[in-house]
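Take a look at this one chain, the form predicted alone, written out in structure tokens.
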């Protein structure tokens, strides 16, 4: 492998595994009065944080690299793993680098986590970001515009500086470019998954949780170029699949590697949506808060955390299968993830109506054994290839 590509991949893996947020600490140390604001996955307007001169930091739990001791005392055993590991990160001082924390309305567990945060860290800025479930401009748009205004005012006070419209437009442009690079990388992966394997792409995109967006955009671009030039990455006889259910708690890297080794090429997924939840560019002219409001109403990705009218559930998944020429779908949801697991029957119904094969299993961010998953995924891969050939 090209030494530069090896170095790049080593770096992004190190960033993913660094529970001390060393890159964030280094960024803060480079300037006086620099601040960082953490956010849980999906539906957080990072542009507002950036426009106030602060660094948005995605917090995705501790994965499989931290033993949960105190975190289990704060949450029940019958909920997902990510709130317990996030609390563990905070109680062990690893999140002291963050000057504030945003909790988007993913589910009741994350809502409770935001309340827990207020009690444990009363001296820090904490906000529950309640996204609208009504998509009309008069109702949901009015609500979201007010939420953005309040959040922007809060962030300006936290930063000690008020970001103006010009700063916000500049941040919108920067994040437009970043999301565009991610979209283009996803499209390249869909065309040639053997060139951009999901286990690599995931780490490269995930680096955007701790790097400034400008730096992350350059990294994305460089990876795409280097991987395309890497010799020996030839087309393989693998099954093309879409992975669904990973929009919040992230699977361990070993699970993605297991799916690849089982004969599956992941051509689309809902991993790391916090970095790409807007599916189109936000216009950079006009009132920036109005533009961000309209973007949520018209261009935000569909997840189990957001209401959809009857008859629309699953349409996006069928479109993804068709657009990416996938041969099947793997439902890969965290254990006890109520939104994902409650939505799954409706998605299965949509797939069944189109005759699209699927399989399903659950995981936890600290899952360490993958033998059963590999066997199930391998059987599924073999079967859909036989069906496609028939």
Partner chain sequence: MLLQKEMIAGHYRALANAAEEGRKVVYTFVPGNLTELMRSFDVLPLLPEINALQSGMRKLSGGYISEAEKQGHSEDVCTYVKCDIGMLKKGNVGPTGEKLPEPDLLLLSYTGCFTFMKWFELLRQEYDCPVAMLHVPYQADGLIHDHHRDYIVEQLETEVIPKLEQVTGRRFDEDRLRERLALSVQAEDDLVWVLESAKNVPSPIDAYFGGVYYIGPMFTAFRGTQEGVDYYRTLRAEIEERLAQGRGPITPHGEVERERYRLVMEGPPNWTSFRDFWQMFSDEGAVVVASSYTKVGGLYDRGFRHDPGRPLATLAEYCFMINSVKSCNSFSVGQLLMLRQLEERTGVPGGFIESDLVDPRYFSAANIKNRIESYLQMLEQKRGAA
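For clarity, every value in this text was computed on a predicted model and none was experimentally measured. Residue numbers count along the first chain shown, from 1.
Note that the form predicted in complex with the partner chain isn't included here; everything after this is about it.
Proximity to the partner chain in the predicted bound form, defined as a heavy atom within 4.5 Å, holds among 313, 169, 233, 224 only for 313. Residue 346 is the only one of 36, 60, 346, 68 with a heavy atom lying within 4.5 Å of the partner chain in the predicted bound form.
Exactly one of the stretches 209 to 217, 248 to 256, 70 to 78, 188 to 196 approaches the partner chain in the predicted bound form with heavy atoms within 4.5 Å, and it is 70 to 78. The partner chain in the predicted bound form is not approached by residue 328, whose heavy atoms all lie more than 4.5 angstroms from it. Proximity of residue 139 to the partner chain in the predicted bound form falls within the 4.5 Å heavy atom cutoff.
At least one heavy atom of residue 107 is located within 4.5 Å of the partner chain in the predicted bound form. Within this chain, residue 356 is remote from the site of the partner chain in the predicted bound form, having no heavy atom within 4.5 Å. Residues of 129 to 149 lying near the partner chain in the predicted bound form, listed in sequence order, are 130, 131, 132, 133, 134, 138, 139, 140, 143, 146, 147, the criterion being any heavy atom within 4.5 Å.
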